[in-house]
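One protein chain, two forms: both are listed below as structure tokens, the first as structure 1 and the second as structure 2.
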Structure 1
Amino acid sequence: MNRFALVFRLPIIVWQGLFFLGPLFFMIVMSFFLVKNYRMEEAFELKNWARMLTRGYVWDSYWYTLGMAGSATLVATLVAFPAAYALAFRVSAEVRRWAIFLLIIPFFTSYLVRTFSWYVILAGSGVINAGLGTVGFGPYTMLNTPFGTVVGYLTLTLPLVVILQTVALANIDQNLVQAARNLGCSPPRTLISVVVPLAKTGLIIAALFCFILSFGDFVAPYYLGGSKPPTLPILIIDTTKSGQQWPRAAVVAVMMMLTLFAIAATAIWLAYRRRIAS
């Protein structure tokens, strides 16, 4: 039985080995290479790590990227929850299915195209500033700002967060919610004491997906945020253009991977700790 199960697991194991673990291992090894005369040479030295980890601009980009991804995750979670709650508890199953289908439609269009569409909306003479101008406000600078970056992150992640939260909330046993109401819990207390704890796993996983996608995104901070200050993905591109320094870029990439592994492990532990304990 174990051998039979292993046969079915083998394709995914091979896939992960070839297209994830293999490139990851090569990237780690490449971070120890040296570049001489614009050519990489095999070596095992810590010069690239020492150089990148002692540069203030690297850590500035690191904390800025971490903060922007965290901010986008918080905003997406708070904005998505009312919509997900309404889809899970206030509409029929058929309406919920159509809503989820409509939330998937944005992914049919290139993310880059959706990002560029915000130029028309956020520009100094764009839709928002034109509307505010009619009531005597603005114009406000929204492009090439952290606000523009967050908008781009939400364009990428918000539909996914709504879908994941909706699925998590819709799977809650309605009898438990009704029992809390019968015992005298107010709607806010029912939400905090019953609904959120029961949907905790799905809510955390949705936030985790949002953070991962935002943390590694290049398009939004480059085209809507102006790349100043640069996020880590932009720093990687700039580093590779500076003397073909792929090993130094690999150091930044490894930093990103280690950060995501740590945050993902923490999030999964928080999401499943009670279930595992029980």
Structure 2
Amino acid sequence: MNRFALVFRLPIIVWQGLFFLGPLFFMIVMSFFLVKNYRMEEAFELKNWARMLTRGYVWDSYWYTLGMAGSATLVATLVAFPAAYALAFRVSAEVRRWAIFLLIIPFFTSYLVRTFSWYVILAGSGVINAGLGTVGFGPYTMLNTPFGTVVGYLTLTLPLVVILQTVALANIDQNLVQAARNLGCSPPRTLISVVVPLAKTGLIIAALFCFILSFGDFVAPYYLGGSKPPTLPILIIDTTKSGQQWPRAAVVAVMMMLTLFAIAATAIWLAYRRRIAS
């Protein structure tokens, strides 16, 4: 290989090796370190693992986080689908382009500020309850509930899910849809047995991204969900920031990575599987 090619290939390997693989690898190693007198010591002990895996609150967090991220994924998928369907099939290409551009905007607004906005909107004396109050309803408690958490998760993920679903649906070969209609398939049946299977890969990938983002988010469950119970990311923050228990935080992080890896592998397998077993 000549020097020219190396100049383009090597730096990235070194850089990502040092600052991407390095940190992740070190984190795994660190989960076996010990902390004494607020100082981390190199060791190879299973103590952190033993401690974290035997604590009930860790498992409570684990299942709660999994459940909340899973619910958010389900809700986001169902809420986004009709919108994506409308964008893919019921508007002009021009409108679709603009809509997608609009959907990109939220990525460049601070997620923290948007969450803070929801906090103010959803609060007991906030905009929604004040509005409902004038017509004699409420007030409803929306903050510090799972509902608040899901609203936060959707704030983070919904634009991306709509975009990915729209792209998946818009890329469907329209001839196949028309062929189905021509063969006597009713519109609802066409949707279920032709459109959804054709867009399957994109729909699953969208859901997977939604899950990954929700699973790793600490802002929504903390500010809108009231951290009752704390999710895994909140657990990582608390463990890291107070008491310098980085190795224990690393245990939680590795648990999250393994979970995500298993879910991503399953999702990708489902997304790209050729035949649908029936």
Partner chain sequence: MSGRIATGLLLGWLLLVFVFIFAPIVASVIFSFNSDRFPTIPLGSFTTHWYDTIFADAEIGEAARNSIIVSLSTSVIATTLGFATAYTDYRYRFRFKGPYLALILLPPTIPLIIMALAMLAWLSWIGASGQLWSIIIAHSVLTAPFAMAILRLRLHQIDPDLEAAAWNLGSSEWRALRSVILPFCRPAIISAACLTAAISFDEFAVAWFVSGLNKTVPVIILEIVQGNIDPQVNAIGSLVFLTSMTLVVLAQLFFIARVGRA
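The structure presented is a predicted model; accordingly, all values stated were derived computationally and were not measured. So that the term is clear: the rigid core is the largest set of C-alpha atoms that superpose within 1.5 Å between two forms. Structure 1 provides the reference sequence; residues are numbered from 1 along it.
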Worksheet, complete the sentence: Mapping for form predicted together with the partner chain resolves to structure 2
Worksheet entry | Threshold 2 Å Cα movement between the two structures at Q16, rigid core reference | yes
